[in-house]
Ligand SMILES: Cc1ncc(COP(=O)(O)O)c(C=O)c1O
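The chain below stands alone, shown as structure tokens; this is the form predicted alone.
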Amino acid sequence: MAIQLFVPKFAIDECLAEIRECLEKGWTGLGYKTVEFEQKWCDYTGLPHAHFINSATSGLHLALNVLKEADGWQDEDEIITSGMTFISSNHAILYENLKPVFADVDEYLCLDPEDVESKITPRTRAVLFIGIGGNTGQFDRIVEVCRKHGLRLILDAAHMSGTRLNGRVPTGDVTVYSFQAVKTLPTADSGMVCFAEKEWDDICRKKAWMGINKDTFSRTSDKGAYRWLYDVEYVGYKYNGNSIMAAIGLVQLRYLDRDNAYRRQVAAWYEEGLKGSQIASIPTAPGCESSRHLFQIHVNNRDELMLALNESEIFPGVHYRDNREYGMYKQDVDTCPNTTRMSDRIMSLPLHLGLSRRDIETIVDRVRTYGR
């Protein structure tokens, strides 16, 4: 039987019961379940604000859009970011006519604080930190750099649902989560954008619903003949989440810590099996209890090894190709040598809740045989 990279698992009967309630009430859009999920997410993370949206990409765009307006950033102001991420992280910067400035990654494939600091200029406005695979890297040092230089910190936590650092949920001025189909808290596609300040959260909610100052659900509680009346305060977007996705998310949240614990067990089996070999894995940062969205290794013959695994019906992935290899982000001078090096070497091995220890032993055997 083929071993896939990702296979999401759902508590199907519980999900269907939550969805059935939406259908029975006739409210499948923004409403009952989205509000409930937002509150449950705040309870789980300890964050003060959470707005349920249709994707983490939308959340990243809202983060930059709201902060740009609130702080008075100008077009071509700079956001320090990583090339080791899915392109939506950096596309969101371009959506707002801001300039991505790439800093190098460290041994955790997260932003290197020293290189971040070296890339700061008078036009730097924020740092976009990506917690790749659920790893926190040197996040606390990044926080210190941002405070020292008066920069906003945007945490791309797309892989970090359930991650903790020294027992706490890591957060920035804005923290954005993904609940896309294969993430550690899977729905079909959705996300959560969490602003530290209520004023920003209020603006975000309007901008995520076309700039309208009163969404359809809140208008249902209005009394009198003018419940239809609203104002449009911003040029907004159609980024709101819906109750069907929130219904699935509510169920998945109940099992998130349990499921992440099993993912960490799978990672431990990998580590045990690779011990003493020439195959190196990406380490988890000290103090990080990772969600373990990914288990990444780096090898000298990545492409050759991927073909060999595919022939054995084992299907790994690559997370990620350095964004600077794409035409629109290409640079004439390589300012991030470790990102460049790791982009050609990294591979993500299958990691999901359906894997057994025997599956991991099979994968490890092939990796040790063909990897170098």
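Just so it is clear, the model here is predicted, and its values are computed rather than measured. Position 1 is the first residue in the sequence shown; the rest follow in order.
Not pictured, yet referred to below: the form predicted in complex with the named molecule.
Screening 241-249, 140-148, 82-90, 278-286 for residues having heavy atoms within 4.5 Å of the named molecule in the predicted complex returns a single hit, 82-90. In the predicted complex, every residue of the candidate spot (T57, L60 and S190) has a heavy atom lying within 4.5 Å of the named molecule.
This chain is displayed alone, yet in the predicted complex one of S178, Q296, T175, N135 has a heavy atom within 4.5 Å of the named molecule; that residue is S178. Only one of I130, V105, C194, V127 lies close to the named molecule in the predicted complex, with a heavy atom inside 4.5 Å, and it is I130. Interface membership of H159, defined by any non-hydrogen atom within 4.5 Å of the named molecule in the predicted complex, is confirmed. Proximity of R152 to the named molecule in the predicted complex falls outside the 4.5 Å heavy atom cutoff. For Y320, a non-hydrogen atom is located within 4.5 Å of the named molecule in the predicted complex, even though that partner is not displayed. Put simply, K183 is close to the named molecule in the predicted complex: some heavy atom of it is within 4.5 Å.
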